[in-house]
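In structure tokens, the next block holds one chain alone, the form predicted alone.
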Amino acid sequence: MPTPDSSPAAHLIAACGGRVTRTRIAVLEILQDSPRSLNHDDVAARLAADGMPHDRVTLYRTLDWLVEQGLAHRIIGPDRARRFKAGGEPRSQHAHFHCDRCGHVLCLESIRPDEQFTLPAGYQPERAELVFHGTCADCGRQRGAKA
């Protein structure tokens, strides 16, 4: 386990003015190392596999803090599970692709859901979401191999 001030994750946390804790470092590193977005249970399982003690409340608070600081962003899947991803442009609005077979969520940062549009008088948008549904490359290969 890296010391709290030696890892790139620790430097990012410190740059946000936050307390640099083992849990924050470990969770951010897990999100940074994952090619996929992860839900709370995924992160908890990886912490346990790494021998990192944690409790549910601390993990929820850590994930929320990382999102608030812009070090991660939260994606709500069609199953209503919150998924988290580090990197990219977390404070920007962008589209997502959701694999309906395995649940993988991919950030599509080049596609913005905030294009010009007109709302009726008195309506004020706060955010926009654009989600494409289908089959990811891994599931597509598996399907092709079975055919």
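Basically, rigid core = biggest C-alpha set you can superpose within 1.5 Å across the two forms. So that there is no doubt, residue numbering starts at 1 and follows the sequence shown. What you are looking at is a predicted structure, and each value in this text was computed from that prediction instead of being measured.
Another form, the form predicted together with a further copy of the same chain, is not on view; read the next lines as being about it.
Exercise for the section: Look up in the predicted complex whether Cys136 has a non-hydrogen atom within 4.5 angstroms of a further copy of the same chain, and give yes or no. Expected result: Cys136: yes, in contact with a further copy of the same chain in the predicted complex.
Does Leu106 make contact with a further copy of the same chain in the predicted complex, using a 4.5 Å heavy atom cut-off?
-> Heavy-atom contact with a further copy of the same chain at 4.5 Å: present for Leu106.
Contact between Cys16 and a further copy of the same chain in the predicted complex at 4.5 Å, heavy atoms? No, no contact at 4.5 Å.
| request: Find out whether any non-hydrogen atom of Val20 is located within 4.5 angstroms of a further copy of the same chain in the predicted complex, and reply yes or no. | output: Flag for Val20 set to no.
Contact segment among 50 to 58, 27 to 35, 64 to 72, 98 to 106, judged by heavy atoms lying within 4.5 Å of a further copy of the same chain in the predicted complex = Looking at the other structure, the answer is 98 to 106.
Problem - Post core alignment: Gly122 C-alpha displaced by 2 Å or more between this form and the one not shown - result: Comparing the forms between this form and the one not shown, which are aligned on their rigid core, Gly122 does shift its C-alpha by 2 Å or more.
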